[in-house]
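Here you get one chain, nothing else, as structure tokens; it is the form predicted alone.
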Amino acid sequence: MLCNRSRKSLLPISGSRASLPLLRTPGNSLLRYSSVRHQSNRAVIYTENGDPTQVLRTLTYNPLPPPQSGTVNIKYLLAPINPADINVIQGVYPAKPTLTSLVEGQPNVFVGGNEGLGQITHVGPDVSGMSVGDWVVMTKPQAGTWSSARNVGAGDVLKLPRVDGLEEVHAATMTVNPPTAYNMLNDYVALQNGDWVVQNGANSAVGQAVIQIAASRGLKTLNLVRKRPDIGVLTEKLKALGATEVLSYDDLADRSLTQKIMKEWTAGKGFKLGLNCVSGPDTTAMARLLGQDAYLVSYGAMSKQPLSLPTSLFIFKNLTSAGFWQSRWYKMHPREDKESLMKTLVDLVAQRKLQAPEHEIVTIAAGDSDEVAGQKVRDIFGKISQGQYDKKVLLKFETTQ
């Protein structure tokens, strides 16, 4: 097969191109990437599950054709890297991406990324309520947001209201962490002004959203974090967001303190709602602070340990333990609910009650070859795995015109 060196494509092996890097597809065929490019789009891809620092590549592909009926073309402005994205690439997450065709005539690939902010560039026939220039976010899981431009179904995106204060970072991180926080605070217990909520992993992105959304409703929060040398700095940071109290997990071993929490802070009633993303012994200790008819809602297990709860909490306090997954919420709720949720969160941003997460934007330059860009992406994931980023990382793709 002959290849045109003036075009960038995903090329099969040929003897004349033996120096180019190889990528094995799910069907066990090999692909080769050209180092010459001038087409406009790029995506972070993989063809098999594994360590992101090993399996991720970047692929340049042609400009999108006009959208078909019921679809829109979008360009992605920003796309975050969330912990679940890494689990998806590793193949250990329940949500699975689908194989996608980016280059005609070449094997399909997986495109990374679940969350991101898109801007509509073209509107297909039979699409109403959307216009060129609108900002949209994804409601279909594993949408392949680590790319510069995609064609998507109009029913798989939601238009975001454009309000003062809504910046790209807000919008790009709007569909995972803030909705998780909002729904857990609303769907299980009828909380009233002054009620207490306790959570672990309070410095996580969801935890910080919980603090802010709870504060906007007049709720009080006890926020548990891992003990660290700079816990005073972290405490002040969380209190600046609206946290009522911040303690370490180790503090819960002090029975006099836990008695004070139960007796003085909650007037002997205990906490009505506990939010868990850690599990293990620290969550067992936290659960003892819950009051009568309380809910413990789990949305993660960062400790990678089982959730263990005393039977007495169920018998004598009528504890209910439930799990929450935002992807399931999107699947089970109609479009009207999703639109209402986005509007609520955008309104909180407009009211300065919900901040964008601390972040770092990493740009994949248009002038880089796919080989260089791919190595840059793998290096990002290497730094994430080593804990070198203490902020949310967002990808931004420059494109050629």
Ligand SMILES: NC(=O)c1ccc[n+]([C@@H]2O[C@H](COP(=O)([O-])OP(=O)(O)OC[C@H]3O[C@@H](n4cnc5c(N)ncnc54)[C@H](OP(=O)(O)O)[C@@H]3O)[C@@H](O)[C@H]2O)c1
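A residue's number is simply how far along the shown sequence it sits, counting from 1. Please read these numbers as outputs of a predicted model, since none were measured by experiment.
Separately, the form predicted together with the ligand exists; it is not shown, and the next lines address it.
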The listed residue (N82, S248, T139, Q212) that reaches within 4.5 Å of the ligand in the predicted complex by any heavy atom is N82
Students should find that, of L117, A205, A294, L160, the residue having a non-hydrogen atom no more than 4.5 angstroms from the ligand in the predicted complex is A205
Every residue in C277, S303 and W325 with a non-hydrogen atom within 4.5 Å of the ligand in the predicted complex?
-> yes
(message) How about V176 - does it come within 4.5 Å of the ligand in the predicted complex, if we only consider non-hydrogen atoms?
(response) yes
Within 4.5 Å, heavy atoms only: does R226 come near the ligand in the predicted complex?
yes
Discussion item. Contact with the ligand in the predicted complex for G113, defined as at least one heavy atom pair within 4.5 Å: yes or no?
Written reply: no
Would R378 show up as a contact with the ligand in the predicted complex if we use heavy atoms at 4.5 Å? no
Exactly one listed stretch (196 to 204, 150 to 158, 253 to 261, 118 to 126) reaches within 4.5 angstroms of the ligand in the predicted complex by non-hydrogen atoms, and it is 196 to 204
